[in-house]
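Below you'll find only one chain, the form predicted on its own, shown as structure tokens.
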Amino acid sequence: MTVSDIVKSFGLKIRAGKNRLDEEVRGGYTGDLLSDVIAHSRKGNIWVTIQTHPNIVAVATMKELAGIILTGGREPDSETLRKAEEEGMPILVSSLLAFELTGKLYQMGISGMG
């Protein structure tokens, strides 16, 4: 499954990283504490969070994540978008709450063990 497949399945809004939507999603991680994401996410995970600040791009890039989904309709700030474009990191927006989106991703076959 790719980031693009997830975008299409949930009607996500693409805010950055359009050139990497063909990235394979190997699993998922939901969390808002950056140190937890650093410690437990894995390469190729799609990250579900409510955080919108530029540090999410640094974490996602360092961990080689497939992309970031902001939930609850939250929008990234301009500095976050600038950094995401520089790094080619997909940032997507969903109106669903993190709990709901995580459940739907799991139903699609994306597990936390990716």
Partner chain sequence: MKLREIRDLLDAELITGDANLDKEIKYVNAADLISDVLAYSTGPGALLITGIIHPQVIYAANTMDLGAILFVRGKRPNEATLQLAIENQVPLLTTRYIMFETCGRLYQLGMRACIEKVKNVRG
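Predicted model, so just to flag it, every value in this text is computed and none were measured. Numbering follows the first chain given and starts at 1.
One more form of this protein, predicted together with the partner chain, exists but is not displayed; see below.
Although the partner is absent here, M62 sits far enough away that none of its heavy atoms falls within 4.5 Å of the partner chain in the predicted complex. By the criterion of a heavy atom within 4.5 Å, G72 is counted among the residues contacting the partner chain in the predicted complex.
Among heavy atoms of K104, some come within 4.5 Å of the partner chain in the predicted complex.
Contact between L21 and the partner chain in the predicted complex is not found at the 4.5 Å heavy atom cutoff. Looking at 13-45, the residues that come within 4.5 Å of the partner chain in the predicted complex, counting any heavy atom, are K13, G28, Y29, T30, G31, D32, L33, D36, H40.
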